[in-house]
Every structure is written in C-alpha cells, then in structure tokens.
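Next up: just one chain, as structure tokens, the form predicted alone.
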C-alpha cells in the first residue's frame, strides 16, 4: 500500500527548500554589488530584483512551512530534486532581464545549464554582455559544481543526518570528513584555494597575451570557475578559441582535469598521500579511457586529413577530447566544424569520452570512471569463477582511497546508473531525430546535455524546437543528480495522487 505524504512531510520539504532558496537569494547580491562597482547600474538592478523575488519566496516558504523535524531520506531527496528546478527558474530571472535571451525559457535553459555545469547556451550577443551578467553565468557554475545543497549544508543546516540525506541526493555519497557539514566546508575550501591560484595563472597568461589587466583578471576568474567546475561557459562566444594561446589551453587542461577528480582524492593529496593518485582505481581508469578514446579520435582525424601536421592534430584533437571527458565543454574549434571537418570515427571517440565522464564526488557528470572500473572488476571476478575450480574462493578488490572488497551491491548500483545514463543518451538522440536531426548529430548533442558536458555540434541554438529545449533541460537535471533523487520525486508525486 502506498502512503500519501502527510502535512508534516510537505512542511519539512518546504522549510528546507526555503532555506536553500534564501541562500540562493543572498548569493544574487554578489553580482548586484559587483555591478555597482563596475558602474553597471541597470544590470545591478536586475540582480536586486532577482534577489528580492528569491528572498521573498524563500522567506515565505520558511515561515509557512516552519519545522523543527529532521529530514527523512524521502524528504531529503525531494528537497534536492526540487531545489535544482527552483534554482534554475529563479536564477534565470536576472538573466532574462538582461535582454540577452529571446525568451524566459531560453534563460531557464542557460540557468539549468549553469547550475548543472553543462555549458550549452542559448545566449544572444554574448560578446557584448555586461560584466555583471557574465559573472552570474559563471558564479552559478561555481555553486552548481560544489552543489546547490552544499550552500545549505555549509550555512544553514546543522543536523548531520538531515544534511547527509540531502548530500547523497545530490549524487555525492562519499564523506571526506566524518561530519558531512565539515565535508561540505572542505569542498568550499579546496575550491576557493584553487580559485585564487587558477585565476592568477590565467590572468598572468592573459596579460602576456596582450589583454588589459582588468579583462585578463575577469576572464581568468570566469574561465577558472567554468573549467574547475567542468562547466564550459566563457565570457566570449568563441570559447577558448578566442584566446589563440597554447599556454592558455595547457592551463585550462590542467584545471579541467583537477575539476574532474574526486574531492576525496584532493583531500588525500592535501594531506600528503600523493601516491594515492597512482593507485586509485578512478585515476587509473581515467588515464586508460583517455588513452583509448583519444586513440580513436586521432585515428579518425588522421583519416579525415583535416589537420595535416601532427602537432595540430594533437592540439585540436586532444583538447576537444579532454574537454569532453572531463565534462567541461570548452572548444578550440567552431561547433559546426565537428561535422564539417571531423569524421564519424573521430566523433565516436569524443562521444565515448563524454559518456564516460570523470570521477564520482567531483564536479563532472556522466557515468563516471569508478563505475566503469567496478564493472570491469566484476567481469574479471566472473571470468575467474569460470576458470578456477568450483571450490575456489574468489575475492576481487580495488583501491579507492583504501582497499575495498568488491560486493554485489556495488556492482548492481554501478550497472543500474550506467544503464540509466545510456537510456538517457539514447532517449535524447531519438527525440532529436524526431525533430529532423541526423542520428549521429542528435546523439552527440544528447550525450553532451545528459553528461553535463557542453560541447555542441551546432544543434543547441535559440531557434531549435521548444520540445528539444525542454528535453535538454530534463537531461541536464537528471544527469547532474544521477537519477535517485528524481526517481524519489516521481514516487512522491505518485504517492500524493494515488496514496491512501
């Protein structure tokens, strides 16, 4: 028998959702203040209006739904799935007011793309956008990369059990420190420390490339945020191609790889366990899949003959490949060149890289290399059981921060999430085909959206069908949260309608 959600369930969900919304409203004041400092009065007013709407909405929810109870698992998952949808809508308000989006749906598309660290965009005339709105586009990637709920865990939520239930709902099931609130604060500490280092490096490189100091610092800040949070937004419409700089590309590759690594691995490195990077199943799997997918891409590019010089082939091919594998979405070629210049073999390597993604408990999306490693280990275990005598005891283990024995529940979870992602990739491709796009083009764009990558072959633009925009919004949302909290929300809605 399905039980209908109670009033207490709704109040608890509304109360914690309100807290998260208040956190989002307070963050909107950052670009508002920066807009005043930049002397961009109208853009600053856009964020003041957005912050007022968001704070009022959040305060009303917390007052009407005030609760002292801890979140249950079901409530925590529902809060997470709803918070991302609400954040995308409210975060779109100042964007839409800027006049750089043709419709509010387009602004919501970019807002979800930012929070989900995807990087697909429908923005118009980006090269002439105010600093204030550009800052917000990248700031929401910083928030989304760490996790919207991390804001609440860091600032508002003091209950360790309730905090952990929301933390897990945001596709993070690994605690770095014993307390999940401390874990959230460590994630912010790591991110801010890297933010300073990465911004300085990119700013100096920008100045050496001839940029004005203020622009170099602003671009360095924006590029770092989107690279470390594996997002893909840039201040200019040409993406990283705008800079025409090999040092800039090298630095962004380093930042993208750092962003694709597990925060638990960052903690190990910070505490002196540097050998962990050579032993961890995720880093080993990440390196192997990079080699395999780049080999496929390089063979395809060699066949196409688009880059006659080996260095140029490596530079263009590897950059797009690593950008796709880390889930960042930076490009040093134009979107149309993927299908105008590259052949299907080269694109297959990039699609596979996008589909696999980086590490769990990182800012990247997609299937994740830990799950790939677990599935591979399970296959090895099954092969051993077939080959060895029946009485032989077969135990398979892997190293992930510590030695872990492989269990059936780990394999089942890895297979289910992998299957769910594959279904999501194909579903988006089929919908793209329904709207008249070739299968491979539709698959490329669908994988990019669902894996939270942001590479585009040219399908994503303001003129594409509304149904496809909604499809990609759903894919970005589902891919970022990795399904469980969304399944819980669907179950909650079914219980509300049919429960007793």
Partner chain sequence: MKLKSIFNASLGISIEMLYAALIMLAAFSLCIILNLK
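Numbering follows the first chain given and starts at 1. Everything numeric here is computed off the predicted structure, so don't read it as measured data.
One more form of this protein exists, namely the form predicted together with the partner chain; it is left out here, but the text below deals with it.
Asks: Since the partner isn't included here, can you check whether the partner chain sits close to all of 413, 416 and 437 in the predicted complex (heavy atom within 4.5 Å for each)?
Replies: Spot residues vs the partner chain: no contact at all.
Asks: Let me know the one among 424, 348, 261, 74 whose heavy atoms come within 4.5 Å of the partner chain in the predicted complex, would you?
Replies: Checking each option against the partner chain in the predicted complex, the one that comes within 4.5 Å is 261.
Asks: Of the residues 188, 270, 242, 104, which one places a heavy atom within 4.5 Å of the partner chain in the predicted complex?
Replies: Contact with the partner chain in the predicted complex is made by 270 alone.
Asks: Want to guess which of 331-339, 425-433, 214-222, 311-319 is within 4.5 Å of the partner chain in the predicted complex, heavy atoms only?
Replies: This holds for exactly one stretch, 311-319.
Asks: State yes or no: in the predicted complex, is some non-hydrogen atom of residue 266 no more than 4.5 angstroms from a non-hydrogen atom of the partner chain?
Replies: Residue 266: yes, in contact with the partner chain in the predicted complex.
Asks: How about residue 409: is it within 4.5 Å of the partner chain in the predicted complex, going by heavy atoms?
Replies: The answer is no: residue 409 has no heavy atom within 4.5 Å of the partner chain.
Asks: Could you tell me if residue 96 has a non-hydrogen atom within 4.5 Å of the partner chain in the predicted complex?
Replies: Answer no; every heavy atom of residue 96 is more than 4.5 Å from the partner chain in the predicted complex.
Asks: In the predicted complex, is there a heavy atom of the partner chain that lies within 4.5 Å of any heavy atom of residue 376, even though the partner is absent here?
Replies: Residue 376: no contact with the partner chain in the predicted complex.
Asks: Just to make sure I understand: among 284-299, which residues lie within 4.5 Å of the partner chain in the predicted complex, judging by heavy atoms?
Replies: Those in contact are 286, 287, 290, 291, 294, 295, 298, 299.
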